[in-house]
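In the structure tokens that follow, the same protein chain appears in two forms, which are kept apart as structure 1 and structure 2.
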Structure 1
């Protein structure tokens, strides 16, 4: 998909300057000199063509009292789809991905207590029968903000 200048400006705005107001799409439309419906149509098109993979707020979970951990499991290749589906059923699992490594399924858990995290991990072990699960809580926290500034050319 070729991005026109309005798409580029819209992408720049929604990355870091999304208005936190009752009618954010109307405000974006005013900044771009287009209609609110056109803003929504353009965003829908950008999502359907995978220019935008995710559209939503990003919260500082630690400030909200949540704790996250990275986990890894050794899963037999023939069980990867089954185990992945099971893991993905947990609301507290925020990411889940396959790696080419002896620990081949990696996922993150985000809960409001270490006890809840431990309960989820024990439940996954019990349901899967796989005891080889690493729990790797962060010792230091790093957050990298990536913003793709799109010029009009």
Structure 2
């Protein structure tokens, strides 16, 4: 899908300055000089084409009592599909990437207790028989994402 300048402006606005008012889409429409209906149909289209992957509240997991960690695993290439299926089945595992490295499966675990995280990792080790699993909890956050400013030209 080709983004036009209005899509780009809209994407910049909805990433950072979504109005918290009764009629937020109308307010965005005024800023963009288009109708509210057009804002809604553009957003619908951006979601359907998966340019917007999520649209809603962005929460601070730590202040809600959740803690995340990053894990890396050395998985033999022929077992990647099987182990991906196992890992992706956990709701607490929100991100999982195949990476071009000896440690080839990298995933994040987000839970509200370190015991729950430890249980999940133990279960994965037990079910897969793979012990080479690094648990890399964050010790300091300097920057957590993530708006992509689009060139509006």
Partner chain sequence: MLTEQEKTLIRELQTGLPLSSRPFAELGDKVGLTEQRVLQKIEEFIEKGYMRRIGAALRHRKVGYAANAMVVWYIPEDQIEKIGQQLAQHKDITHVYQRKYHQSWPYNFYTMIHRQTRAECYHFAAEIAAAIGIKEYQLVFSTKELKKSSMHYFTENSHNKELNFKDRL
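What we label the rigid core is the largest C-alpha set whose atoms superpose within 1.5 Å from one form to the other. This is a predicted model, so every value here is computed, not measured. Numbering follows the first chain given and starts at 1.
- Task: Sort out for me whether 1 or 2 is the form predicted alone.
- Result: Pick structure 1 here.
- Query: Are residue 82 and residue 12 part of one rigid piece when the chain shifts between structure 1 and structure 2?
  - Reply: Rigid-part assignment between structure 1 and structure 2: residue 82 and residue 12 land in different parts.
- How much does the smaller rigid part turn between structure 1 and structure 2, counted in whole degrees? 23 degrees is the angle the smaller part turns through.
- Core-referenced Cα shift (Å), residue 39, between structure 1 and structure 2: Here the C-alpha difference is 5.1 Å.
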